[in-house]
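Single chain ahead, written as structure tokens, the form predicted on its own.
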Amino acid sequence: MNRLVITGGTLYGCDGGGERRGAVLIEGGQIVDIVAEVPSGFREAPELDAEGAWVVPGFICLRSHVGEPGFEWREDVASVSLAAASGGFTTVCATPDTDPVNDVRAVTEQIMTRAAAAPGARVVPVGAATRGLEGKHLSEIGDLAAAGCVAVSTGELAVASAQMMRRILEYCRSLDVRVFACSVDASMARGALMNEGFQSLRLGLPGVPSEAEATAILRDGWLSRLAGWPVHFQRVSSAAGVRALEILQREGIPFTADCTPHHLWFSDEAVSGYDTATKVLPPLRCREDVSALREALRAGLITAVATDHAPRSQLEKWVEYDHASAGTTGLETALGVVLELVRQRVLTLQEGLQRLSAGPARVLGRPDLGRLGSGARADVVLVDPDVPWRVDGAHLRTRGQNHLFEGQALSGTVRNTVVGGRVVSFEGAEGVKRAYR
């Protein structure tokens, strides 16, 4: 069986917590053990030298727009898998907003086939909870799960009908399928271009209030208690949304939640120049919202950072603000953002790494992911923590041309990514790294 030994690094995310030194023994796509000295049976195995690097569990993104099928000109499974791996992600959950929508078994199987041949990170599909993501009729969720979907999603906004949302939750409970919800009230978000507040008034752009998020979170949370099945809230973006999560927590309603790196970094003041890179969903919020999200992430109310990687072409972004497509790339910059939060003491290093690995793994119900330990999937990342770089879209691996973090100075790069015991190869990786310095 294929073997690999990772030696020389400082290990984080091991069973039992804390940091330690040792060698990671990999065989057959799994971690066999972590030892102080390499045993004789592994001395002839290929060795990956991690001297001076952190050795951490592979990151998991719970929300990325893969583009295939239908939007391959934005991104496809192969390109997103390489972009993800270059950012340290070993598992990527693909949103169902493809063309056609991933609401039938055939589309799921197509994505699974393409994912099996992907050269980088593992790509796993998330199915549409309703046909066409229209919120009117249930999809064949059992078929989607059997074909490989790890969860179902309600789409970009909350399902308009509370009764339909209840049916989704009850049906998924009977099938043991996880439900991902972007809980923003569609009627309040219609026509909005940014966050509602002082900046939208100053810029003359229609906005969506953060209460559109809070009311939808509360509704879906109460419905989950009625149905007896938890919701995973995606892209929480506001202080109002955080307060809604706190209410659900006090009521003893089980849930999980994630937020994006860009909502942890930018406020709606970034929209001032009408740069279409700042047009995202949900919109960038005010400074108070950024602070509330950071605190919720630190406290563990939000347990995962999901990139919401949404590549777009120049044609979709180099237009007037109101005509631009919303979204930003994110897979290759997420680690740098989280490490900056660690440097700012918003998070400890352990907390930051957990929000990228163990936290998302728990959302998916996958104890074999997000940790370094015997029996875990051999998804491992070697991180050079102190290498400075500046985001330059010309050197990113995504096909997307929309980089909200363009020009931002970050620190921390990925030296190697191991997916299922396989070291991902990046042609010209050293040249790219030099360009970042």
Partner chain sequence: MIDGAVRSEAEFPALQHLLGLEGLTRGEISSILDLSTRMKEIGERPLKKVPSLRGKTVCTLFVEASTRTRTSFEVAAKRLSADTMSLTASASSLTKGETLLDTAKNLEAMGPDIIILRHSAAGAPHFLARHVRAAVVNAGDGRHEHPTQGLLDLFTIRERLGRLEGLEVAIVGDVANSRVARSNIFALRTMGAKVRLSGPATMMPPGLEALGVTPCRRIEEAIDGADVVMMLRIQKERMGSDLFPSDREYFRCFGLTRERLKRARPHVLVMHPGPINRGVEITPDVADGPESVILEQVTNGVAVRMAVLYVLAHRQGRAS
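Please read these numbers as outputs of a predicted model, since none were measured by experiment. Positions refer to the first chain, counted from 1.
Same protein, other form: the form predicted in complex with its partner chain, not shown, and the subject of what follows.
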Within 4.5 Å of its partner chain in the predicted bound form by heavy atoms, the stretch out of 319 to 327, 97 to 105, 345 to 353, 114 to 122 is 319 to 327
When its partner chain is placed as it is in the predicted bound form, are 200, 205 and 273 each within 4.5 Å of it, taking any non-hydrogen atom of the residue? yes
Interface residue in the predicted bound form among 76, 196, 185, 156, criterion: non-hydrogen atom within 4.5 angstroms of its partner chain: 196
Any residue of 212 to 246 that, in the predicted bound form, places a heavy atom within 4.5 Å of its partner chain: none
